[in-house]
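Encoded as structure tokens, the following chain is the form predicted on its own, with no partner shown.
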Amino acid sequence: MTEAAVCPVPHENRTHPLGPPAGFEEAISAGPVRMLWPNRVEAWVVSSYAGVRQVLSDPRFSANKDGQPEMRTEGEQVLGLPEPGNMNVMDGAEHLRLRRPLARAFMVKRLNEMRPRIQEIVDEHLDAMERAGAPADLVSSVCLPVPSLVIAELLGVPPEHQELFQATTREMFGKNGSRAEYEAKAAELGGVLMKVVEEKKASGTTDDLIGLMVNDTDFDMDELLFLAIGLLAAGHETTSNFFGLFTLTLFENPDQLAILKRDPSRADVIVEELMRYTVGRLGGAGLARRATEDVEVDGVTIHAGDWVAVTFHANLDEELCPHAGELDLERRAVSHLGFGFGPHQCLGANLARAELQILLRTLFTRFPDVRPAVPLVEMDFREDMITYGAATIPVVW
């Protein structure tokens, strides 16, 4: 293998908090390029819209990491390890056996039925923020607790364990955490979930996701617990970050924010454009695959055994839409890659869409003059997490 360029570590050395790592755009401009990752593994980075879709959908690129730790960190991060129930590292029939039953809980009809409850949760937290008065931290007031409560209700987990959910998530998605620290938090959360599982077994319910897994699948206990922990963690971590980043993007683009305020009923289309643009602008490389045979991608032969990572900077590819590097909330929705693509596309994408639509529409309707209390460059961002986002968003109104 030829000498690889050094990969700018994702989420670090950003010249702008909402922009890509310094030097990243230049590094990927020539097409698929080899880079050296923080875990000292060389991998191709694919950045075109067509190339990313190919890598994420072609069965010749395997999600099975063979025990290889997460590429974006030097720590003993667990996302890439072959835990029972870890769909992120499974292919084909093995992956489908776990994913297909869960998909029923995330169907659009089921999630539309949840919208009134999501609205109640959002209203309750905005009421509390208003009572407390300005300035307020949007992250601790709304971004974190709302998605945490929503995913807990979908799974059927008591909401009083929010702090434990968030602590386990920090270990699961932290860039510098140890496996021992994660296992300690996961064991504590597993104890809570075991009680929930026993209650679902006794009642025979399938009204929530854990009840469905317990009473209507062939999952064993290890699979069930890992899936429940993973869904709790991912279900609030990503939506929380997206809401914060979308809000900051709108603050940074007042002309676009005015479009949302003028017609909040278009929140569904607006969320799609914010997802496309914000995720694309952040750049960095994410999901990793391994070639099981020689495959040509964007004119480059990737050999069997080579590691490949995709970057959702592909959302800014002109192949996807004209003027892709610009935020345009009047743009018609396009098939962006913000939720991934292919068989491992985000299972909770429709839930995240529902939450983000309600959050954005309600925030800027209730608080039309809400604005940052400090400049963007003075805010803290979660550089220690694989899932990048704002640590705090001080606001006034």
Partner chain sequence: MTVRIDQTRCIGSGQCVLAAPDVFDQSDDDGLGLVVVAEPSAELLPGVRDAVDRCPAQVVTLEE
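Residue numbers count along the first chain shown, from 1. Everything quoted here is computed from the prediction, not taken from an experiment.
Beyond the structure shown, there is the form predicted together with its partner chain, which is absent from this document and is the topic of what follows.
- Partner proximity in the model of the complex, defined as non-hydrogen atoms within 4.5 angstroms of its partner chain, places exactly one of 186-194, 278-286, 94-102, 118-126 at the interface: 94-102.
- Between the options R34, R331, R361, R53, the residue in contact with its partner chain in the model of the complex by a heavy atom within 4.5 angstroms is R53.
- A heavy atom within 4.5 Å of its partner chain in the model of the complex is found for exactly one of H323, R131, K109, R262: K109.
- Its partner chain is not drawn, but in the model of the complex it has a heavy atom within 4.5 Å of R353.
- At the 4.5 Å threshold, heavy atoms of F367 stay clear of its partner chain in the model of the complex, well away from it.
- Looking at Q345, you'd find a heavy atom of it within 4.5 angstroms of its partner chain in the model of the complex.
- Although the partner is absent from this view, S57 contacts its partner chain in the model of the complex, with a non-hydrogen atom inside 4.5 angstroms.
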